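In the form predicted on its own, a lone chain appears below as structure tokens.
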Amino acid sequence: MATLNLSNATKSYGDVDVIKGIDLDIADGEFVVFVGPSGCGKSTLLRMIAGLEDITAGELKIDGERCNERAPKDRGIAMVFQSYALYPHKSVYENMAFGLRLAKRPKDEIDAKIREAAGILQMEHLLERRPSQLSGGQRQRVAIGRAIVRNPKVFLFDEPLSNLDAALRVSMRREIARLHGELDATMIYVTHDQVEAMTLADRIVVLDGGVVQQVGRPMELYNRPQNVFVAGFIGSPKMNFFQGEITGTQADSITVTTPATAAVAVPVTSNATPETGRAVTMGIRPEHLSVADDGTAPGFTGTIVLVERLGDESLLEIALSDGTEVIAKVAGGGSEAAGDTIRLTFDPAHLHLFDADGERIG
């Protein structure tokens, strides 16, 4: 397949900067996911790679060749859109053949490519149907098949599962993961759904405000988010945050006190030694909270506002005395109910600590 490199890539509309100097290297055969909230610039960045948006400044290279001025058809990419973009009056076969016929490929070659792609996507029996006779998942398979037959250097996916229901999204997610393994293709995938990002990606690029916040493997981002934004975006439900201050420093830990908790020694793995008295944000994921058996372990007490039963687990929304709201993910089948007073505890090893600028400490 291909490597892809972005060097200080920017995109501006007049005085408005949408993409702000992004540097990114994507390896041959890698599956990279762009993720972030609506308006963060992820789809714009994908369209810049595709050639559907001009690059204001910086450089795009595919397989080491500058592509800034190349037309989309000459970049060796194929794009799968959220809306499928199928011709309603053409059969599945004709939809998949259309681009190859425009490129004046031989008839036998077109037929071979279509039937090979149909076999990969397990839709040989659908080739004579029209889009109106297909389910949403089948239509998306056709759109992916139309990309496969072009034998591109890079596959681009722009929120391809957003129009599908929950069950189909799970099924198609597995199909795309299987497809990547089978084709060993370079793929770039845009989504706002961090579950899709975590389950599909070799590496995730987290974007916010046109800036890359962090790049890394899914569990790297989950276990060591570099700032408060990444910590709050990766993980569902999102991380709980407590505002506090540093009340002591040791060789391998920092003592933090918050209105909700007593002094807690937060382990750090670097030589970070922020000054006592500095404001910090302490984070803990909902799944790392548990109902306390006694009052000796570090933790806090609050009132349950809402219980969501999800079968094997329950989500507890808890209001603390200082107004902080906390979500805890606990084992299902418990007797917790709204209005109950509850004490939750945690292992300090699972705490995350960020400075006043939102950057990770330690």
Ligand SMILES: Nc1ncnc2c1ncn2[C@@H]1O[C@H](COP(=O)(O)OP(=O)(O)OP(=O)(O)O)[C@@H](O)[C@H]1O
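For clarity, every value in this text was computed on a predicted model and none was experimentally measured. The first residue of the sequence shown is number 1, and the count goes up from there.
Omitted here: the form predicted together with this ligand. The next part is about that form.
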With this ligand left out here, work out from 331-339, 62-70, 32-40, 311-319 which stretch has heavy atoms within 4.5 Å of it in the predicted bound form.
32-40
Contact test, all of 20, 222 and 230, partner this ligand in the predicted bound form, heavy atom 4.5 Å:
no
May I ask you to choose, among 287, 94, 245, 159, the residue with a heavy atom within 4.5 Å of this ligand in the predicted bound form?
159
Counting non-hydrogen atoms within 4.5 angstroms of this ligand in the predicted bound form, say which of 56, 44, 301, 324 makes the cut.
44
At the 4.5 Å heavy atom threshold, is residue 173 in contact with this ligand in the predicted bound form?
no
Could you tell me if residue 192 has a non-hydrogen atom within 4.5 Å of this ligand in the predicted bound form?
yes
